[in-house]
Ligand SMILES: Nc1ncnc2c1ncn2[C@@H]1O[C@H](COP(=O)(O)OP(=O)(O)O)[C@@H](O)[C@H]1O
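Presented as structure tokens, the chain that follows is alone, the form predicted on its own.
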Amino acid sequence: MTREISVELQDVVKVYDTTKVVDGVNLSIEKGEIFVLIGPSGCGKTTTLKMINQLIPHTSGNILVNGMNVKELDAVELRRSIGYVIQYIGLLPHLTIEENITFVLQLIRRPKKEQKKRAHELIETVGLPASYLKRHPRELSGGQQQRIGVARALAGDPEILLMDEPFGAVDPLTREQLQNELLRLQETIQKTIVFVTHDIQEAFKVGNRIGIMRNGKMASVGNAMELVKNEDEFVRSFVGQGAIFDALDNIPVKRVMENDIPNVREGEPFKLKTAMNGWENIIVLDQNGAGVGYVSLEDVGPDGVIPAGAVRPLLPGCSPDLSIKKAVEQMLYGGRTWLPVASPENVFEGIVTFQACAGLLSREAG
């Protein structure tokens, strides 16, 4: 199926004096994807990002936004139609959070009632209480301010969002929380996001695809696993030897989940003729389908009755969308070899085993 292209760069060049800082970049960014630009300092990634909304005009080549050449569009209108989030947020200190969020709406003279409604919608969207709308930026933490920066960028409901190292100025814990929040948010808003970072772990975590730049050129484009297996010497060096473990942050547990586990409802006999498929344990479910425990086949009586006290409780599990990397960490830290997998509604779906994760790792690395 052909995907719709939101942003396209055709032989784009940017020259300062006689120096080419961006040199013949060709790139197609699909609608609804998070595309990450990464590379060494001075490689041209931020310049490339800023040329999309013409904060920096390009020297030659073509840049198309939703099929339209940016050179033929009004630059101010173009920038207002594209959300923009920067590392140091740029909130206006003398304005309230509500006024900061609705700043673009004020510029285009949207009705006050509409501005207020949009502010309430967006602060809820980024996971902050509505009471914060009356505060000023100085009253919020760095992570909270960054969320407001995202809310402001979304105020005009742009199709495209540019993010220039948006989480680079916060501590590692807050950074991870903001990355998770972005991914959660993207499931709902489905924007086209172009994201600049210098951190390969962050690129692997948030990017659907990643473009690695070098000396103004696009050295390689691909998803996390494709870049890990890339044989180009510069790409392999930039990504690093341990990158495959970071790439596993992009692969959900459902890729290796085993869902043929024998199960029985509480209070019901287990039908011994049910295929065990090599499993030694039986998952016990409540009447809503949630996993409550497991029992060894050896403990089941000949009539299929499960003796009282034979059911061992299920330890905390994970969701099908948890990354394999996180699942392996959970198993290692907990001294476990498998985890139950449950839907957001807490319905048992299967299990993920350390062996299955290791098998995938071996196949992908090979």
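Sequential numbering from 1, following the sequence displayed. Because the structure is a prediction, the values reported are computed rather than measured.
This protein has a second form, the form predicted in complex with the ligand, left out of what is shown; the following refers to that one.
The ligand is not shown here, but in the predicted bound form it comes within 4.5 Å of a heavy atom of S41. The shortest heavy atom separation between T46 and the ligand in the predicted bound form is within 4.5 Å. Not displayed here, the ligand is approached by V21 to within 4.5 Å at the level of heavy atoms in the predicted bound form. Heavy atoms within 4.5 Å of the ligand in the predicted bound form are found in one stretch of 296-304, 322-330, 61-69, 33-41, which is 33-41. Along 179-195, a non-hydrogen atom within 4.5 Å of the ligand in the predicted bound form is carried by no residue at all.
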